[in-house]
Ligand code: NAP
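A lone chain, given as structure tokens: the form predicted alone.
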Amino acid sequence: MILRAAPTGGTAVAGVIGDPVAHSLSPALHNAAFDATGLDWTYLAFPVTAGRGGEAVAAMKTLGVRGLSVTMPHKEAVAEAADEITPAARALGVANCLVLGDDGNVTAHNTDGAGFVRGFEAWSGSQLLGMRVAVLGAGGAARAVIDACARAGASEVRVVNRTPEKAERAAALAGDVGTIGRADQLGDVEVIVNATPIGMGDNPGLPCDPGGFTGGQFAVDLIYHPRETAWLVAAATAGARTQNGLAMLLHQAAVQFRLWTGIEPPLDAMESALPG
């Protein structure tokens, strides 16, 4: 590890915006990466209240903040406020990464989908190619996973959501392999992904009944706070292999690091910064 000097007037600044944001692990991840590479960058958490995501984009340009990670509830607002947006982020309607270019323009990206695929495949040792995947939820994170799984070659991406209209729109992102399903009919899929906030913090409950899970299935919860949700515990008891959201967090952050700095992310150093 190359220890950085104290920040100076020339230190590049990146950060994360959200509401709330104090619990974010992103500062630990990115500052570990800057330490490992010796880059004169620093990464901070910026609490931005709901409804002010667009103002954060303007402030980024005014203050010269080089990059921002974006978490709830600002992903849609920043996608609309950015000067440019990648085709993938435009299709999803949400962005989780902003890059300030040398021309002063802000480009919106979405790294969640790539982070999910890379994290799942590295952890499971299996490719999503040919797999049947069920995604619980139809929000921003769910849509990113749906799109990415289809691009990775999943044979079916089944969307389960309480609102049929939202489920249909989300499933359309997967093209011909997108389908609509029910929470009580998941025994025939290989991968089940909880992309809802159910189970996070003060939002107790189970996104679906894991009692029907079987050995050989993968249960992935995008939540990492807590690291082991009640849903994952029940899924493991039923025989499924379980993964929380830390792998997706790590790998989507690695993609962001590359976008901001143009260099290969030090994955080992970033992973070591995650809680054990």
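Don't overthink the numbering: it's just position in the shown sequence, from 1. None of these values were measured; they are calculated from a predicted model.
Here the subject shifts to the form predicted in complex with the named molecule, a form of this protein not shown in this document.
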**Report entry** Proximity of Ile223 to the named molecule in the predicted bound form, heavy atoms at 4.5 Å
**Finding:** yes
Query raised in the report: Using heavy atoms and a 4.5 Å limit, would one call Gly119 a contact residue for the named molecule in the predicted bound form?
Result: no
**Report entry** Touches the named molecule in the predicted bound form: Lys166 (any heavy atom, 4.5 Å)
**Finding:** yes
Query raised in the report: Is there any non-hydrogen atom of Gly178 lying within 4.5 Å of the named molecule in the predicted bound form?
Result: no
Query - in the predicted bound form, the one of Met131, Val99, Ala152, Met200 near the named molecule [non-hydrogen atom within 4.5 angstroms] - result: Met200
Report task. Tell me, out of Leu92, Leu186, Val78, Ala138, which residue has a non-hydrogen atom within 4.5 angstroms of the named molecule in the predicted bound form. Result -> Ala138
Query raised in the report: the named molecule isn't shown here, but in the predicted bound form, which of 100-108, 123-131, 189-197, 81-89 has heavy atoms within 4.5 Å of it?
Result: 189-197
Report task. Go through 241-264 residue by residue and record those having a heavy atom within 4.5 Å of the named molecule in the predicted bound form; state none if no residue qualifies. Result -> Gly245, Met248, Leu249
